[in-house]
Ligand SMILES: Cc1cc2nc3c(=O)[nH]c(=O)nc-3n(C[C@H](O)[C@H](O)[C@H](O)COP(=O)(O)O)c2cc1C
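Consider the single chain below, provided in C-alpha cells and representing the form predicted on its own.
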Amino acid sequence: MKPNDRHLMPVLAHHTKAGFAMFHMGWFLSFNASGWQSPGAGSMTKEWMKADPWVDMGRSMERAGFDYMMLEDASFIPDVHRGSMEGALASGGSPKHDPMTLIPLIGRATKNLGIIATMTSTFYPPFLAARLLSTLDSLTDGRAGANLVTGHNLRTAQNFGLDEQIEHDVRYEMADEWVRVVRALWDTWEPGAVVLDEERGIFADHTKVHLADFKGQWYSSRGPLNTVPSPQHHPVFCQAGGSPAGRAFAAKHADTVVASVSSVEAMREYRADMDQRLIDNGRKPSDCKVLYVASPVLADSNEEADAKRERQLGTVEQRMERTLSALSFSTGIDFSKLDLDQPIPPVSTNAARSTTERLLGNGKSEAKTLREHVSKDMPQIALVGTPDKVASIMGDMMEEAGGDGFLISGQVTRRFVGEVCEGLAPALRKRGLVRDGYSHTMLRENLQAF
C-alpha cells in the first residue's frame, strides 16, 4: 500500500472485521451514439465519435473509485428486426466505433481506472490480439483488458467471410484454444529477458525469449511475440456469456464476469454456480470478480425517480417494440413476424442463448401470451430512487446475494455519468460499500484488493 493510500486501511480493516460487503464497481458502455436524444446528452449528440467525452467519463469514474469501464462492441449493423437496418440506425444504437482505440486515450488521462474493450475471439487472430493487448497494457501502466466475446450474430460471421455462424458451443471451444495461444505468446518472454545492459550493449537476453510453437485444432502460432512483456504480463480478461458454455469458459480464464440477471435470487444462483465452476477448475472464487449489470434511475426524491423511470419505460407499445427488437437481435429471428397473441414460443438459437432465455423469462414467465410478456419492460435489477435509497438497496442486495459488485449500464450521457459518479458513488462510499481511493496501480491488483 502506498503512503498516500493509508486512508484506506480503516475501510479495508472494517471490511475484514465486520464482514460487510464492500464491493467493486464497473461501467458497461458502448462507443456509439445511443444516448443522443436523451435529456442531458449535450455535446454527446455530435461529439460521441471524438475522444473528449469518453476521456471525461473516465476521469469521473476514477474520482468515483470505479475499478474499470468496459466498452462493449459489435461488428455489424442489426437488420433482422422487421427485416431492416432502420431501427438500429434511427435509434443511434449503430454505428459503433472500435473501442480499442479509446484505451490509450483514457489511460493517458487517468492513473488507476482499468479500461476493458471488447474483442471477438472468433475473428481476431491470436498473434494480433496478444500484440495489441500487450502494447495497450504497457501504454496504460498495467490497466488494460479485453472483454472476450465469440460473436453471436450471423451478420458478424458474414462480415468476416463466412456463410454461416459457427455453432454456439464450438465458438467457446475455439475461444478456449484462442486464450491458450494468446497466453503462450505472452509467455514467450521470460521474466528478466529485458536486461538493458548498456556496458555490454545488450537490450534483451535472447536466451530468455522462446518460440511458442503452438499447434491446436483451430489456431497455431510460431512466436515469439515481438513486444516486451507488459506490466500485468497477462492483461485482464473479462467475460459476459451467461450460457453454460460461457460460464465454463469464464471459470477457466476470466478475471471478471458480467452477469445479466434480474433478481436477487438469480444473483445468488449465478454466484453459487460460478463459485463451484471456479473451484472445479482449481481456482478460488475470489479469483474472478462477478459484477451484476444494473441501470439505476436517480433523482432528488423517490417520487421524482419513479416518474423518471416511467418516462424511460415509455408506452406499452414502446416497451413491446424494445423487447421484440432485443429478441430479434439475440436470436437472429425476426420476432416482429410472430403472433403476439400466441403462447411464448420455444426458441432454439445459435446466437446469444443466455440473453434470449433471460428475455423470454427463463421459462418462468407468468404471461399467457407473447404480447403479455413483451409488454413488460425488459428484465433487469431495479434500482430507483434517491442516491441514498439506491445505495442502501445495492448494499442489501450484495449482502443477500453474494458477488463482488455492480456494472452500471444505461444510455451514456454526461448527466447520467454525473448522477452516478457525483451522487450515487458518494452515497455508497458514505456506507463503506465502495473504495475511497486505490490501493494499487494495476487493474488486476485492484480487482484482487478485496
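Computed from a prediction, not measured in an experiment: that's the story for all the values here. Numbering starts at 1 and follows the sequence shown.
Here the subject shifts to the form predicted together with the named molecule, a form of this protein not shown in this document.
> Residue-level contact is defined here as any heavy atom of the residue lying within 4.5 Å of the named molecule in the predicted complex; does Ser221 satisfy this criterion?
Ser221 lies outside the contact set for the named molecule.
> Since only the chain is shown here, I'm wondering whether Leu89 would be in contact with the named molecule in the predicted complex (any heavy atom pair within 4.5 Å).
Looking in the predicted complex, residue contacts with the named molecule do not include Leu89, since no heavy atom lies within 4.5 Å.
> May I ask you to check whether Met394 falls inside a 4.5 Å heavy atom distance of the named molecule in the predicted complex?
No, Met394 is distant from the partner.
> Just checking whether Ile77 would be counted as a contact of the named molecule in the predicted complex - the rule being heavy atoms within 4.5 angstroms.
Outside the cut-off, so no.
> Please name which of the stretches 136-144, 80-88, 106-114, 236-244 has residues with heavy atoms lying within 4.5 Å of the named molecule in the predicted complex.
Among the listed stretches, the partner-contacting one is 236-244.
> Ser230, Thr118, Thr323, Thr331: which sits within 4.5 Å of the named molecule in the predicted complex by any heavy atom?
Exactly one residue meets the criterion: Thr118.
> Taking 4.5 Å between heavy atoms as the contact cutoff, choose which of Thr122, Thr188, Ser354, Gln165 touches the named molecule in the predicted complex.
That would be Ser354.
> The named molecule in the predicted complex: within 4.5 Å of a heavy atom of each of Val149, His152 and Tyr172?
Yes: Val149, His152 and Tyr172 each sit within 4.5 Å of the named molecule in the predicted complex.
> Could you run down 56-90 and flag each residue that has a heavy atom within 4.5 Å of the named molecule in the predicted complex?
Sequence-ordered list: Met70, Glu72, Asp73.
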